[in-house]
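Next up: a single chain in structure tokens, the form predicted alone.
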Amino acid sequence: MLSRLARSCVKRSSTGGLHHLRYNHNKVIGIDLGTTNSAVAVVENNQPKILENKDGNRTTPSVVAFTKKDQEILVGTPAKRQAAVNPQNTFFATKRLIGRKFTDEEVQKDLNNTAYKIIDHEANGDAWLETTNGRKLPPSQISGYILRNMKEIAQDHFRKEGSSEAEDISAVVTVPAYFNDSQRQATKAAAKIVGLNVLRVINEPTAAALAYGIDKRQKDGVIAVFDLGGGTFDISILDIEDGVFEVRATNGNTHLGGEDLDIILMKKIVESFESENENSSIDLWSDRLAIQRIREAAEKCKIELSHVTSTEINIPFISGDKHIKLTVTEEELDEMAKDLIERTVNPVKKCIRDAELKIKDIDEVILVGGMTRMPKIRKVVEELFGKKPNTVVNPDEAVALGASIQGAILSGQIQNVVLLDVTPLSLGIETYGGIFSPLIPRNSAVPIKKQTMFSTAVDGQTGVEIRVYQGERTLVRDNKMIGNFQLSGIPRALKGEPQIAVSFEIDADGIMNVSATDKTPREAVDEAENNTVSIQVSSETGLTDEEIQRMIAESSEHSKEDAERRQHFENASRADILCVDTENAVEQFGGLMEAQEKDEIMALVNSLKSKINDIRQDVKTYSIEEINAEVGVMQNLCLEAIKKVAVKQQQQEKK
């Protein structure tokens, strides 16, 4: 365990170092790897442009299908077209499963809402997919096939242009701003699977802001990007000034989007069928083919109601000679979507608060994601911000365009533009007494590196365990441990003397490395022998967006309580260290102490240690004054005993 010694940090340059990062690539494509649709773009003649696929479409469905005993792989529109006849081998919306465990609440909700099979990977408990032929795949592999398709679209474009860059392609890939470390690493793994060189992973709303602001620098100011897509929701607040795009704060939900509204519509359709066939034993939910057809009808209905006030759902022969036919109005859809839309409001308010702004400070609101075409959502956004949202940027294309702009920045095509992003949650370690010591506060700009000096908590300590946490609460038990490692070989010394430097580094992709170095001065020992250990937070250690939301909400709700508890814990820790020192003194000088004195001192030590344990376990709370009073009594007894010991030592020396 560590105790805090001193605080220092490695300062980041005002531009986050991004202006020094230039890659030797003439063309870098930008890819929006979406839940429902994906797109690819490139900057040519200083202008970003969407690249069309072979069907002449500017976006491609994020759907992958396996046919002919899994030997043929279809991606995009061909895969989506055959979904109704091959539902169990057609995989869509798998982005919502990336980096998640099978036992996650979100995954469990999806089990009955998809025609394909989601399984528990026996090796690590991740959510995987399985075809009817028994082929098992991670969700990242499905994303890999989609990324490969995006790469092929770019290659076809470069070949038509007669470019020699068709084979060696690098990319910037976007992810939801609230994707955790696990999900970001899984996305990079997806690209690696298909041999795509990913230079950078950036957040979707940040990319959209680049697409909006690159040609509008005269409109420098504060913008909010409201990004509600097929599977995820993000809200980001950015400052645009003189070519610097700085993210002030971000919030969101990685399991909220159009797919959820599809599921609500599916349930309405099934309920309509069941009410008309009350005496039937037909269970549509167990019929994967029927569920796929219902899902397609629900998606079609949702899209149509963005343009018309009512539409008809008509599914003939859904089961035997049974049909489904019902009319859904825009008002009915709005009512069904009410709870989903309300779930976007609190993240927006928190994001504005974290950015230390007020609603009136927002100069422009940008809508991104297909769901923002829904009239009700646009109305809610307008009411929330007090101004009409900007709809100039195509919500389906803005993210890919922004990613291509970031690619052009990295390759040097576009100069004097800098992108500064943020980390969504505080990061730190556990220190003595179970206290969370944050090193990087949430909404800190990345890339970033910070270092803090710690020391040992007890005498003679030769090793420490570094426990890394994410969260916003005072005590580590209220946060999420995302990794741990051991630093050993510390020279024996009095507590507080060893110097242990703990460094947190978050790269531009939002992936974290933590290291600890023993910098204790050694006599006649080469400085190079100082120990250093480190970890990269692995894909098994991420947080779900619900955990992030809960932690931030609890932090706000319990801020006063946490401050008081921190005082109690820090005071208890000081008392605990005094108890250890007293025990050591009694052990060292006990032979010269009177038995009654020694018993009284040890009784006080044991009483204090019991109370300290109660405080840490929340079994019982004692006031700071009560603990300090007992510490005072113990110190006075020790002082009197030490005086007597000193007299006895002098008498022995005279003899």
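Numbering starts at 1 and runs along the sequence shown. Quantities reported herein were computed from a predicted structural model and do not represent experimental measurements.
The same protein has a further form, the form predicted in complex with a small molecule, not shown here; the description that follows concerns it.
Checking 512-520, 229-237, 459-467, 184-192 against the small molecule in the predicted complex, the stretch whose residues place heavy atoms within 4.5 Å of it is 229-237. In summary, among the residues Thr131, Ser306, Thr311, Asn443, the only one with a non-hydrogen atom within 4.5 Å of the small molecule in the predicted complex is Ser306.
Only one of Gly370, Gly483, Pro87, Pro138 lies close to the small molecule in the predicted complex, with a heavy atom inside 4.5 Å, and it is Gly370.
Using a 4.5 angstroms limit between non-hydrogen atoms, Glu259 touches the small molecule in the predicted complex. The closest non-hydrogen atom of Asn37 lies within 4.5 Å of the small molecule in the predicted complex. Remark: Glu430 does not count among the residues lining the small molecule in the predicted complex, judged by a heavy atom distance of 4.5 Å or less. Looking at Ala501, you'd find every heavy atom of it more than 4.5 angstroms from the small molecule in the predicted complex.
At a distance of at most 4.5 angstroms from the small molecule in the predicted complex, none of the three residues Lys350, Asp354 and Leu425 contributes a non-hydrogen atom.
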